[in-house]
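The chain that follows stands alone, in the form predicted on its own, written as structure tokens.
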């Protein structure tokens, strides 16, 4: 379905405009169409992956589980990575200069998985070459670069631009979003999120230049730190659930374990203030793995925890009873009982699941993000769920958090700060 046919679906879109806005209305129509149709069996999105580092390799592996997306080319400036790419993905051509790929008319889309500070030029050049672009989050390492990317995406009206804020497309999060919006947890009063893992973030290499390139996350001039490089997914999800962008952020950060000359804190806390007096408390550390990562949203009727693509509701004693609870699985958490929230599952499915077991059939958030991108290719183009406006807003927020952590002070944010 091309853009002209898509825009003819005006009756449904028109009825949605007053509720969710024009951009979201057209996107909802297109998503509804994509969910009912399958792309032609003989058509694929021919993709080029720019950056074959640790995360780029995860992207490449994920593409193997998406038959409608074909990995046609891989680019990396480090020769050993290209040799690794040859072994893992022999059918993809290999390049050290991404501009060689941009001149290939058979490549439909560019997937950008380089370090954050290298996103700008690759994305701007790819859009100028007429390619659809999927850019990993954060969209950029600075507000200036994010604005340049956003403006280039705005100018490429008939091209898809999507930022890798994967939780926006993950079914469990989408289900919980609707659940919260229905008022099932009462009034949302606060949120909490964390990311804990014991690792240094430092990568070793016998080559000095390569070692410096690999350790860009430890350079405050190139990195948004723990909040921007890992926490942004959770903070974006929390802002989505809260239904607003933060109006302030207060931060704290220290180097508590990895005292190896780095300047980027290995442990941070940030308090994001939302309209109405609500706060999200986020903490991240490279010094301890205890309790891993999850998000919790507290309401006057109940609290929801999201963890490992699973969800639970913990009810208050005065909360109204919902009929479906009778059939739902109940899991014990110390002195609390959580009602399992299972997206896209029948009652019997929910009862049969082990709350701690990994589901081998569960697709990763990255898979869902890339699937959303390919659906847009076949049935759009329409505004992506995580588009340049959201990507820019999250970069602004991560930059504010970085400044708050560095100063130990509160940074105020207004609507104009988020405007692209």
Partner chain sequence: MTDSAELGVRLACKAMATRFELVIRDMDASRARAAGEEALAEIQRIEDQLSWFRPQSLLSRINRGAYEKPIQVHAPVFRLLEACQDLHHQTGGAFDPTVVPGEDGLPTPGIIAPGLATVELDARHRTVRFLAPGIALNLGGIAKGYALDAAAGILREAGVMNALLHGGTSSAVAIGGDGEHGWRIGVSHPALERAGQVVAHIDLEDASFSASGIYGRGRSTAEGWIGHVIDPRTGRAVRHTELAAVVTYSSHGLSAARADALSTALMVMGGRGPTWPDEPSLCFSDNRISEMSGPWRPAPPLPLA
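Treat the numbers as computed from the prediction; the structure is a model and nothing was measured. Numbering follows the first chain given and starts at 1.
Same protein, other form: the form predicted together with the partner chain, not shown, and the subject of what follows.
- Although the partner is absent here, residue 263 lies well away from the partner chain in the predicted complex, with no heavy atom inside 4.5 Å.
- Shown alone here, residue 88 lies within 4.5 Å of the partner chain in the predicted complex, counting heavy atoms only.
- Contact check for residue 57: a heavy atom falls within 4.5 Å of the partner chain in the predicted complex.
- Using a 4.5 angstroms threshold between heavy atoms, residue 183 stays clear of the partner chain in the predicted complex.
- 81 is the sole member of 339, 81, 305, 72 with a non-hydrogen atom within 4.5 Å of the partner chain in the predicted complex.
- A heavy atom within 4.5 Å of the partner chain in the predicted complex is found for exactly one of 204, 105, 155, 326: 204.
- Here the chain stands by itself, but in the predicted complex one stretch of 124-132, 253-261, 274-282, 111-119, 253-261, has heavy atoms within 4.5 Å of the partner chain.
- Annotation for 152-169: no interface residues with the partner chain in the predicted complex [heavy atom within 4.5 Å].
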